[in-house]
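Encoded as structure tokens, the following chain is the form predicted on its own, with no partner shown.
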């Protein structure tokens, strides 16, 4: 029971309820099938989670793993800093519940709209661009080290995947990665189990990281595009402000050009790239992202069925050609052309899957 739950906690339970509705029944037959488009391209569909209550949806949704586990929720629902042993036990239960599927643990993403009850709020004029996420972790390393120690312990000698949020400069990733490797060395020196496989990645949420040195993309084991923050910083539109956030479209050619540039840089370094955020769970946007070369999408579990149905019904090469033609023609948005093409290409898709939401949705 959560009394006066923080919004992210309430959202997790809304998602759980959505997974239990009759609307999911139509996608049950797709649950164990891959998200393979007609052109033969397969896209990995992962789910986002943050509470143990989310994990039962992993099997029911057909997700291939947890592409983002938000570790800050264990801090937000407490009035004091959780103990390392408590965190380790929670993370171990998450790994066990995944039943061998991959789990990407994102380290604490606090600050901005997520303020810990036991931390003094910072008086910042623009919290979204202030002292948050990895900036807090590097400036106050005690909590981050404790969290990394808990993750290492939870892995129990098995694989471990860690992602650092809100990386804006390569040096931040290097410092956070070095901290994790140091804790692994310390753990091994004590004779305790260390991960047999380790993947360390960064969440790309600021345009600055797109232009990081080649060494960053080569050092990162994977890059996950945090679409919600990246879009707000790209368009300079606060995603919490209803008056401006609805003015800007994910299918804007300039924004898709930025995504395409990220894909190119990751491909040149041989680094896997994924996309995590609300747009990953919208069928039309998911098709566009996959057409640009993003091989993994992470979303709410209730969105996996509709996105999988849409991907399996189309040829991504056709979507890519529409995007390229629209960009060359200088259109304001690729949404109308892609929406018309999707309705013509997949007329049998359920209404809510084939519908192309406007930028104001």
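Note that the structure is predicted; figures quoted are calculated from it, not measured. Numbering follows the first chain given and starts at 1.
The next section is about a form of this same protein that is not shown, the form predicted in complex with a small molecule.
With the partner removed from view, the residue among 145, 265, 153, 239 that has a non-hydrogen atom within 4.5 Å of the small molecule in the model of the complex turns out to be 239. The single contact residue among 201, 277, 137, 283, judged by any heavy atom lying within 4.5 Å of the small molecule in the model of the complex, is 277.
Taking the partner from the other structure, the small molecule in the model of the complex has no heavy atom within 4.5 Å of any heavy atom of residue 300. The small molecule in the model of the complex comes within 4.5 Å of a heavy atom belonging to residue 228.
Taking non-hydrogen atoms only, residue 58 never approaches the small molecule to within 4.5 angstroms in the model of the complex. Heavy atoms of residue 68 reach within 4.5 Å of the small molecule in the model of the complex, making it an interface residue. Only one listed stretch (82 to 90, 137 to 145, 201 to 209, 286 to 294) carries heavy atoms within 4.5 Å of the small molecule in the model of the complex, and that stretch is 201 to 209.
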